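To begin, one chain is listed below as structure tokens, in the form predicted alone.
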Amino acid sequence: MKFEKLALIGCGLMGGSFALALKQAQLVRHVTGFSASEATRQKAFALGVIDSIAESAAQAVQGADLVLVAVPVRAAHLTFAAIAPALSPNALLMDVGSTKADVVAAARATLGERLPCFVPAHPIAGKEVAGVEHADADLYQNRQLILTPLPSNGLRKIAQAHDVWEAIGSQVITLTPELHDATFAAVSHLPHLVAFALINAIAQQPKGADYLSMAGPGFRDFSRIAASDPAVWRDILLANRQQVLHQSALMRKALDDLETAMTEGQADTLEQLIAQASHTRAQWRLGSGVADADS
């Protein structure tokens, strides 16, 4: 398996890491990149992430047998519409969006007869820092990759997508778009929402800065994802709002249970609730399912 040309639409951390991983595995001969930002395009070229610069998304995909759309999920519709006329009928088209139902809807509305080319994907990987300068060829090594194939995808196209990600070190799992969004609302999107709320709740207090100055490793580990890219997470939370709000309501109920036990001095109940959480967390292992909160 080797591709003649990868068209990279979005030359940031995720897309740049994919390009570098393919190059490291010697799976692609040439990478053409396009980003809305001229500075990003030039930086990606200077760093050797891409081999040539395209002036538009449509120009980038011309002649490409592999296309990766690595743009914010809110930009998926416009991106698909731009590349559809230039997309080869035999190309493999994938994305890296953290939500899937909305991206699939955008693809169905814009790709037309090229819809069978599109195999939606979500790599469970990332960093708190954005930008192509942080791209890493090993970003996807030993990380889960979720495929949410469409009914229009043939078995060959799905197998091709599976093989690409597996070749750069990912562990591939297949879900429906709906199950994907429900799952990651619970194990990724809600944790980010909680981390954002926690930091804001502390920082908005009169002595919040003093409290933060005393925080230790536990707080550092718990709050790490609050440093994530604001625009990216704005889009994810809005795109998957129904599932995230459902999970938020369930968490409020669980928090209410803990608070009630504290308010009423129910030591046994409080210990039982803590023990339940402690046992569940102790049994969990990264990579044992689809649970991860990096993206």
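Sequential numbering from 1, following the sequence displayed. Note that the coordinates shown come from a computational prediction; the quantities given were computed from them, not determined experimentally.
One more form of this protein exists, namely the form predicted together with a further copy of the same chain; it is left out here, but the text below deals with it.
The closest non-hydrogen atom of T32 lies beyond 4.5 Å of a further copy of the same chain in the predicted complex.
Contact check for T40: every heavy atom lies farther than 4.5 Å from a further copy of the same chain in the predicted complex. Contact annotation: K157 falls outside 4.5 Å of a further copy of the same chain in the predicted complex, judged by heavy atom distances.
Proximity of D221 to a further copy of the same chain in the predicted complex: non-hydrogen atoms within 4.5 Å are present. Three-residue candidate spot A267, E271 and T280; every residue lies within 4.5 angstroms of a further copy of the same chain in the predicted complex by at least one non-hydrogen atom. The chain is drawn here without a further copy of the same chain; in the predicted complex, the stretch among 106 to 114, 92 to 100, 147 to 155, 210 to 218 whose residues come within 4.5 Å of it by any heavy atom is 210 to 218. The contact with a further copy of the same chain in the predicted complex, taken as any heavy atom within 4.5 Å, belongs to A186 out of A86, V73, I168, A186. Residues of 1 to 31 placing a heavy atom within 4.5 Å of a further copy of the same chain in the predicted complex: none.
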